[in-house]
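In structure tokens, one chain follows: the form predicted alone.
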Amino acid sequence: MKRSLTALTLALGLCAAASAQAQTTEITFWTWYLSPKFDPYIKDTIAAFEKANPTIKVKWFDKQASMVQDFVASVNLGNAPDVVNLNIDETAKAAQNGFLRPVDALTSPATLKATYYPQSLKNFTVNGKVYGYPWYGSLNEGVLLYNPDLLKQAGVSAPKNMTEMLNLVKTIKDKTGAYAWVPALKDPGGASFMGYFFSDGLAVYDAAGKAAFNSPAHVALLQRYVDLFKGGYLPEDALRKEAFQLATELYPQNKVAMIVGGPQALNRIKDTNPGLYAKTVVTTAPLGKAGVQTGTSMGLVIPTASKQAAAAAKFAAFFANNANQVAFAKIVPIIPTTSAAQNDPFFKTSSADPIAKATSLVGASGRFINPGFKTPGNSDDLYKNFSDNIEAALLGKKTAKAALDDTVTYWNANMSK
């Protein structure tokens, strides 16, 4: 009898184990450029999710330069990951191509609205549907950080707005030899200069949704940058490198006096020139005539091809919740996109340390993250055309007016919904 009971118990145990194993759901998660620096944070957050959800297991992969190509290939091959980290532009493109599930069909719209800033959700909305859980973000203007020695040598004070900034460019270069700052003139995959139009209150589209950024005011603003570039007052490398990368290379060498951007620039300065980092002054960013910030954020999306959409949505919502975004902000100066973050004590502390001060200035500013214009359909081609025409104007191959006229004509002929 005892042997029979033992055998029965063992059999029941094996059945239970097999049943538990059969009920386990495995999902795959792709991040973008986060490993190895943030491995502990990512792994700890995954472990916390799995502990709270023991029937869901997460396999994490970090993608880097090949992220977008790998994602598109995985969709075409039918083995797409379940949760993917994409930015606003790539989310819009993937949604327009039918690659993504609307997340407001997986998580209630009421919960999304209670968790995230309205603009954060709007950034990931395509044709009325939300396609991404807003994750960490950044502000293009963010803060102003500057080398006080160079500004003193030039005899100027920190600019309070972009009009003052543009007026200081020649003085700083002429008196110190350093560039005043590195504006975002051209980037390989976006249309960063378009943000200057938004900052000055100049519309990108008209009421009918057509490109309309070639008014006299748009032309005059571009012409201002063209004149400075031709005069040697803006670095030529700004046509070959992203502004953030170039600015964080030149500032530690005392070749740039100011950086307008997110607190993350300070990490690089601290690593490469600790002495300059220690005396760098951080203050509020100079804004354009509209008095608005521009910025971008990452999101977590669920591909249409995911076979575990419910589990994937549960994981994505957990990873992008307020507690986990604030925890991430304590490791690196990202800006949470959750509305509760604005009341977090972490962002209300005062400090003389540049990174801590910058974080306190912008960390609770997720509500201002806004690219400034809706991602157009066929954005890869349109952004390239825009960047090529901006470059042509800066190099004197076209007038500012011809460059913008040509771009608007191209956009309106090739923009898809």
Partner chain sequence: MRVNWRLTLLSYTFLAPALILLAVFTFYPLAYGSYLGFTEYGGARFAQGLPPRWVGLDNFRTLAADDLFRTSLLNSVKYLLVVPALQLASLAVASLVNNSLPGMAFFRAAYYVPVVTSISLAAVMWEWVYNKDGTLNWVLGALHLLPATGAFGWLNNEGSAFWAVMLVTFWRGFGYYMVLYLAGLQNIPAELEEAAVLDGANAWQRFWRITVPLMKPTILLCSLLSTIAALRVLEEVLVLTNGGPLNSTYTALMYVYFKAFQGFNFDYGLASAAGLVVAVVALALSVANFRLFRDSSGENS
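Positions refer to the first chain, counted from 1. Because the structure is a prediction, the values reported are computed rather than measured.
As for the form predicted in complex with the partner chain, it is not shown, yet the points below apply to it.
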Practice prompt. With the partner chain left out of view, choose which of L34, A48, A392, A356 has a non-hydrogen atom within 4.5 angstroms of it in the predicted bound form.
Written response: A392
Worksheet entry | Interface residue in the predicted bound form among S360, S365, S379, N370, criterion: non-hydrogen atom within 4.5 angstroms of the partner chain | S379
Practice prompt. Tell me whether V156, N254 and K279, taken together, all sit within 4.5 Å of the partner chain in the predicted bound form, counting heavy atoms only.
Written response: no
Worksheet item: Can you pick the stretch from 314-322, 240-248, 101-109, 133-141 whose heavy atoms fall within 4.5 Å of the partner chain in the predicted bound form?
Response: 240-248
Worksheet item: Is there any non-hydrogen atom of F71 lying within 4.5 Å of the partner chain in the predicted bound form?
Response: yes
Worksheet item: Can any non-hydrogen atom of D82 be found within 4.5 angstroms of the partner chain in the predicted bound form?
Response: no
Discussion item. Does any part of K384 reach within 4.5 Å of the partner chain in the predicted bound form? Heavy atoms only, please.
Written reply: yes
Worksheet item: Going by a heavy atom distance of 4.5 Å, is D62 a contact of the partner chain in the predicted bound form?
Response: no
Worksheet item: So which residues in 91-116, when you check the partner chain in the predicted bound form, have a heavy atom no farther than 4.5 Å from it?
Response: K93, A94, N97, G98, F99
